[in-house]
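What follows is a pair of forms of the same protein chain, given separately as structure tokens and numbered structure 1 and structure 2.
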Structure 1
């Protein structure tokens, strides 16, 4: 007798789920019409194994509880997983993967579920492995500033822990209260202070990961210099869970600056944004920690959706500068001098400078809370790209002209210090054909401007189909060979990054 297949068969639960998902996207499998891989279906025997390993409390199968694991942060994609596993240790993940590999069960690893490209939610019925209970801080060396933790630690919690010791995580994201360090590593996150501290590739010293067959790979070095062979950790950084499940990480953490200043500047056009940016880099070089650009559309959006009040008047463009250092009077003097210079030269129309902690946070919250407003939109298209600065804002103007009255708004903002631009297109309703047309246009313009279609969020599911258009054939073949070697059955986060044919 064949094992019984686990199905959703409770009519009342289904009605409740249908009501709760009324404003959710259609199932990804229906919306994108892609074939399911040749994976096994979940049986009662599989559930019995997971229950024996984890217990009832760490096995989620209730429909209302499953919803948040099946739908992504921005409600763009929706899977139909019927079980979420919540391991606490590397050994438990090893046993889960070994079992799933043997049974040919596809899995999707999920951290804080804050990704924007559908990389951390299932496409079909993949088993979700949530890392939220892998949340222990293992060690911190105050001499070297090296932190070692499990991968499920929330970024904000790590930073709060380090703050007590006058250190900081070298990464700051708008989703820091929800995202997890393992997800940050697996997507090679950059964030708002990459200009000062770099991305995860430059800050991760070591990691531990579990391969598809359950084998544990120990690359958890805590040395800043270790040139003994291949740097295998880099295979997992940015691979979005397709080569292994990251379970522990060690990162180098800088000392926490004593003083912080922020300036918000209003500018007339993008040409003056560039000129101001160049002057800022030269004038504030050693204390500059972040520089963000936002257009008028961005500001109108946050005023409307997030009820934000601006400390300065309305302008076509805005620059937000942050300085951090150890000499308060020195830093304030340099920033104030710069402010006077850009005003006198006619580069900046107006602005404000803040050093008081409360005012600094108020200004930063304008930029930090953008994702809250986006989540409330009925339909939105999001693109995370990087471009040479000479073309940085031109693509926003191109998209506005291309779409005309087919959308509500198009605005851009991002980390101009590293060329990262976030494009937001707000629509009345989702239109699959319009979405496809816009994506093709954004891809065409990005490549024409010699940019990258993914700056810091990865490819996930939403951008995986770009890969053969943006990578050289030999490079793509090598990526496929690595995937085939490390995950021959393709059970790790299928349909993401490299879309294996089954």
Structure 2
């Protein structure tokens, strides 16, 4: 069985982690200077309605209790909501939304509050609907591996439930112990093993959501094949709570693999990384479950900040690859054959492999503890992008050239199997103008290389301003028309993803 690993592999762009993690951020409304939408302000009659519906204990109004719902987990943004509602059922959410829509009250749906683009905390005084009490597992079909639950179930809890039945959740995130399945679906979460198990659009078989006007949309199919009409569920996957509140989800879960191996390889340059990746894909094929790349800057950083000792010498590049399968010796034989080939072809300089849980964990921890090191930095800029693999590492070289000695280090690492790259830029001191320049430069380079400026994290509040720059007019208009049709008053998670003009 797998060792438990808490992994923190997702960061937000443009933030100073040290500052943001230790101090409470300024109110977003002050920091970002955007106008409040013309929503109603909460008054006593509203509170009375909510109290009647939920009772005192599911209505949070105490200022100190409110804090954790108003601030995101990286402490980058801070809303000033004065009420958090904790419904337990779809019907309660339907009543809340119907009421808010009629009363023109803005709402912000919050799952585990582990998003990193400020998507799930209020910007102004939006009413927070916390899904934390929508935490029931509704059904699991051991024949098909299809799990149905309320949206507030914590991912790790679902996985623990499935582990007993030899199944697993089809996604693996650093925030597993806190994030909720509804949040995963609404942000179209990615993660480490997407290359093996596929994305949310493929794995979510059905969902139930409540529209802005309180109408319940029941697409809670638990079937792998169902071609009856428009596939509406996808409107809610990845739209970050701006089109509806997801209340129930059904997902297909793969069988839990019995064995795991992890290897760390040292390589000379990115060209060899790419060639090795291609070879790995074809020779490990069905047993490959993760493949991560890291450059020398990453390793230097991890060794320096986290006192990590590497099981192999220093190299310009590293690949960490994981296999999971149903037969230990088969998997090891495939790995050994691969190693022979890559060494013989001169693609890989050195490598080590682990199959026992402790060593597996030790190797993974090199990749996992990066966030701890970053937290210790004085000033750092972080990006999460995806790129075609041929350009994957060029952007790091571009940024190095662009910044010259204006920064301490630029390094890159990420899920190469998905073209997903995390960029870390370490600065001497935080500099607002430099941050803006780098942001523009990274955007320009990412678009030039036909990449995406948000691979896994969504747009939320902090990246919403990208939208006009990255989408064609017609595409943007279609998005706006959908938002207008489904939420004409714009009460659902305003100021996020697509910004309504007030």
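Positions refer to the first chain, counted from 1. The structure presented is a predicted model; accordingly, all values stated were derived computationally and were not measured. We call the rigid core the largest set of C-alpha positions that still match within 1.5 Å between the two forms.
Here the chain appears twice, and structure 1 is the form predicted alone. For the rigid-body turn between structures 1 and 2, the listed residue at the hinge is 456, chosen from 456, 364, 71, 183. Remark: the rigid domain rotation between structures 1 and 2, smaller part against larger, is 13°, computed from C-alpha superpositions. A C-alpha shift of 3.0 Å is found for residue 436 between structures 1 and 2, based on superposition of the rigid core.
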